[in-house]
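A single chain, nothing else alongside it, follows as structure tokens in the form predicted on its own.
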């Protein structure tokens, strides 16, 4: 039985379908990440599970119990808000204890639980401080402590790392995943950052315009996208349009049959997975590898690699690829894209 399950969830705001027949399930103690652009329905999904959004259709089950119509405080789920939502007039201790007091837990137990959370998250010595006296990372930990101290059956995280600096986010990803595994709490993790989701999730859901377009492991989502939107949204990509005729698409050395009779097709190429060599180089390729010939038009230095703008033979728009080798503009090059690093839709 799924720990948390949503069945045919619907939420409408006028003509906007924020949730359009959405179904999902969290199994065991897994971390399920929900990704998608702004307006895709991610936060609406999270808030409907927490009880802050009233659904127009569908049911939500927690350990088999229908919680769709329960008040937020009766659902035994904890939500971590993007802005942390800490009470500015309360101390760290009081902020963490707030949910326990709402549940009318006795003072002795509250003190024990809060002290455990402070130690567990490395917040010892900060119990008497106000949120304004904390760093962004410390505020994040306090908000997380407040969420886990009530021992929820499910943890809901809404963009938990978005307010942190880039370097801190990279470090906190590892800590957050380790913490989730240590706690053993099933977690629904909403983020617009697909790299973040791929790095810490057990499974990933991709949403767009209120619908789930694909669900699977990070590897499945990245290597086997079902459609153009998923292929483009996940990963560092470049897309070019190529002509299609009688259901056939030819790009470089590859000819592929597509399902419909569209006049153009989109080729999605993982920009970081392209090998660039001299156009005259004799390089062995595998069956299914895409080989393109082009001329370097311009480049940007990114630190560990360069980003190249390439004018490709038989393609009417530039291709942007990343590579660590320094190639001068004007150079004719051969680009080898391994099978599984490009997709044609």
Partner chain sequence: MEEKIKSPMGFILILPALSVLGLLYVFPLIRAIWSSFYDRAGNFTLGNYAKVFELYTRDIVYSVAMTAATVGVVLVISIAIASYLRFRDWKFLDYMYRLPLFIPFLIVGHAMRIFLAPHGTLNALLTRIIGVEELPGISGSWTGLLFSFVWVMTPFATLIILGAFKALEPAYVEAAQNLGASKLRIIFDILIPLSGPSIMVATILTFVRTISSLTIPLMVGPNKPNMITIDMMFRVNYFNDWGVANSLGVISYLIVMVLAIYYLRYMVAERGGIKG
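Numbering follows the first chain given and starts at 1. Quick caveat: nothing in here was measured; it's all calculated off a predicted structure.
The same protein has a further form, the form predicted in complex with the partner chain, not shown here; the description that follows concerns it.
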Worksheet item: With the partner removed from view, which of 120-128, 74-82, 166-174, 247-255 is the stretch that lies within 4.5 Å of the partner chain in the predicted bound form, judged by heavy atom distances?
Response: 74-82
Worksheet item: in the predicted bound form, does residue 99 have a heavy atom within 4.5 Å of the partner chain?
Response: yes
Fill in: Interface membership of residue 295, the partner chain in the predicted bound form, 4.5 Å heavy atom rule
no
Discussion item. Residue 70 versus the partner chain, in the predicted bound form: is there a non-hydrogen atom within 4.5 Å?
Written reply: no
Discussion item. Against the partner chain in the predicted bound form, would residue 132 count as a contact residue? Criterion: heavy atoms within 4.5 Å.
Written reply: yes
Worksheet entry | Single option in 55, 277, 315, 50 placed near the partner chain in the predicted bound form, where near means a heavy atom within 4.5 Å | 50
Worksheet item: From the list 107, 241, 103, 182, which entry has a heavy atom within 4.5 Å of the partner chain in the predicted bound form?
Response: 103
Practice prompt. Look at the candidate spot formed by 86, 89 and 150 and say whether the partner chain comes within 4.5 Å of a heavy atom in all three of them in the predicted bound form.
Written response: yes
